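There is one chain below, alone, in structure tokens, taken in the form predicted alone.
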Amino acid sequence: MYRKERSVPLKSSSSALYNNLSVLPLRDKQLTYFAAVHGSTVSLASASADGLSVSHRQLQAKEGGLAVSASIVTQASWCVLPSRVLLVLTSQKGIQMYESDGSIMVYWHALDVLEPPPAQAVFARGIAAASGRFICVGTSSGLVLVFDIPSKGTNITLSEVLEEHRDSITDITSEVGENPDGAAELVTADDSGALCVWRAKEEFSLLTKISAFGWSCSSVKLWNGVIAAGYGNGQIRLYEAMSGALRATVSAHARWIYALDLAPLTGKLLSGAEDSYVQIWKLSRSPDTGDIEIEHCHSECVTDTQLCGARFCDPEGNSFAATGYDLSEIVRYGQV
């Protein structure tokens, strides 16, 4: 069971964007950082465990050249690498990387905008750290940009571009559980609902491709070789990462799923959707057959709220937070 805790106020409300909440727990400081996007700004809040002490910062989307109007931010996410933590922002103009508290911008990558087809938006979206040294970012043209991140400093380089998707990237995830050598390390999802599974060495290689089935995939997670993907029809689908085989289909929500998250230490899966519900699930493998199993654990309704972001606040999944469209706060829940 989870119980509502003190909410964290935001300086501005949350936009209706996929995965519009990022959480960075800092256990040594007894603090949790939250980030949510509104228009051309990102609201950052750091909150104490009891929620009584909250500090705020706002980041603006960087403009490229002689910009007339403010660039819309599409996502903000912390990327945790062994040597450093970076806050990555994606927008219509490019990709910004900051130190974890948002104080210093260490890298800016402009999107190549030559002559996009009429009525086609240009933006970056989908952010994930991978393989201990890379940050992968998706684009509206279906490309996945792979950045090589040094252990310190600003000498970040674009090391590779993955060209497998034909539609806009929606989300990217990396393995959060055990990762044996040669296993899947990265999953990319696009607007058509197609998924690509990648192995990372010095370069990324495609392991398998999972075909679309008519619904956009808005959020994807990878845990112990299991892919959990959330779709516009409210379904969660579970796949074997190595083979791409479909193992389970769950009618999880009545409306479009906007966010998934996984607690790496326990295999808890969280889903948040337009239907106002956050659902908590438990993933596991059968000790006898090795089959993927999913069990429903908890359901929480955030009344009259179109949820657009939801995240666990700790690696065990003992607490979670959620944002909603036009909601100027982050609602938090803790296990009792």
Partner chain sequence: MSARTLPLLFLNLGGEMLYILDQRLRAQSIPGEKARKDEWTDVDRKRVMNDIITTMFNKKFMEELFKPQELYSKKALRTVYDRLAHASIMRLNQASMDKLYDLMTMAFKYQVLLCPRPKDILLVTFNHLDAIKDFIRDSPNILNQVDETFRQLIDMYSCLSAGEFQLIRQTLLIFFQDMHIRVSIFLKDKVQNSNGRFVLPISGPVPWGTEVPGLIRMFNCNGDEVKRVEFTNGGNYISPQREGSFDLYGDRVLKLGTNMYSVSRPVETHMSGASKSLASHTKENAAPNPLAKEELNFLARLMGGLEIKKPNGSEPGFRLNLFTTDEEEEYAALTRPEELSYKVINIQATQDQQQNEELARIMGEFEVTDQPRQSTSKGDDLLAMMDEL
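On a predicted model such as this, the values are computed, not experimentally measured, just so you know. Positions refer to the first chain, counted from 1.
From this point on, the text means the form predicted in complex with the partner chain, which you will not see here.
Gln235 is the sole member of Ser141, Gln235, Ser159, Ser100 with a non-hydrogen atom within 4.5 Å of the partner chain in the predicted complex.
In summary, among the residues Ala248, Met105, Val85, Leu207, the only one with a non-hydrogen atom within 4.5 Å of the partner chain in the predicted complex is Ala248.
Among residues of the shown chain, Leu222 is not one whose heavy atoms approach the partner chain to within 4.5 Å in the predicted complex. Mapping the unseen interface onto this chain, Trp215 counts among the residues with a heavy atom inside 4.5 Å of the partner chain in the predicted complex. Proximity of Tyr33 to the partner chain in the predicted complex falls outside the 4.5 Å heavy atom cutoff. Heavy atoms of Asp326 reach within 4.5 Å of the partner chain in the predicted complex, making it an interface residue.
If you check the partner chain in the predicted complex, you find no heavy atom from any of Trp78, Val80 and Arg311 within 4.5 Å. Of all the residues from 262-281, those having a non-hydrogen atom no more than 4.5 Å from the partner chain in the predicted complex are Glu274, Asp275, Ser276, Tyr277, Gln279, Trp281.
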